[in-house]
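Consider the single chain below, provided in structure tokens and representing the form predicted on its own.
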């Protein structure tokens, strides 16, 4: 029998059988890992299995290539902290869905695990939405698609960076990008070190990271961004129109 113990963040739960469920966790040392949970539909266990919760997990199976089963104990309910705020709850669900859909199974990604915990904690503060965009940038980097927002890809300038090339993922300065600005992505001020967090800037940040997540990650599998991620951006679009 193979067994390990770890802390994990609940990424997804799929019903299986009469009262069981297949649970995907982002763990500290074992990466994204799935396991069967008996009694997943019971009232007590449903509270443990809320998306975004931090749990203590014991996984066991007869062989490494088997699904295995989980015994889980709740460590912290991040979902309960944001249940009354629809936008924060959607952001929590979006981060979990993105991690679940993009990270390879059983491959440790401690930076993403720790970054996701930090993101969950940030939902209690006022700058959580900027933290969310930084989290997506970190995910892209972890997947091998890092963005270079530090200097202009055309001139090497480090000042007046207001655009991002949708092809290279590199910053572009205002003078260099002027004639191509209709084809470039906006670089929000907070991503170039300025203390500005307007809702328009958050929306531009979501459009920026969403573009690269879609075109560099999800399009490779002929799929769209996860539904919670689409809903999150749409909420900010509606706010701008209101």
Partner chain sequence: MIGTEIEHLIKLISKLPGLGPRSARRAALHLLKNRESLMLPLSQALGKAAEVIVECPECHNLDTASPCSICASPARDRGILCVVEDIADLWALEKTGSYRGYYHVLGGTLSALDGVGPDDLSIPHLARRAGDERVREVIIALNATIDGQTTAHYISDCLQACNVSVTQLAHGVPIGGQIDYLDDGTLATALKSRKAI
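Positions refer to the first chain, counted from 1. Being a predicted model, the structure only gives us computed values, none of them experimental.
Beyond the structure shown, there is the form predicted together with its partner chain, which is absent from this document and is the topic of what follows.
- Shown alone here, residue 50 lies within 4.5 Å of its partner chain in the predicted complex, counting heavy atoms only.
- Contact annotation: residue 13 falls within 4.5 Å of its partner chain in the predicted complex, judged by heavy atom distances.
- Contact check for residue 228: a non-hydrogen atom falls within 4.5 Å of its partner chain in the predicted complex.
- Heavy atoms of residue 239 never reach within 4.5 Å of its partner chain in the predicted complex, leaving it off the interface.
- Residues placing heavy atoms within 4.5 Å of its partner chain in the predicted complex fall in a single listed stretch, namely 76 to 84, out of 111 to 119, 131 to 139, 76 to 84, 163 to 171.
- Residue 89 is the only one of 89, 103, 154, 147 with a heavy atom lying within 4.5 Å of its partner chain in the predicted complex.
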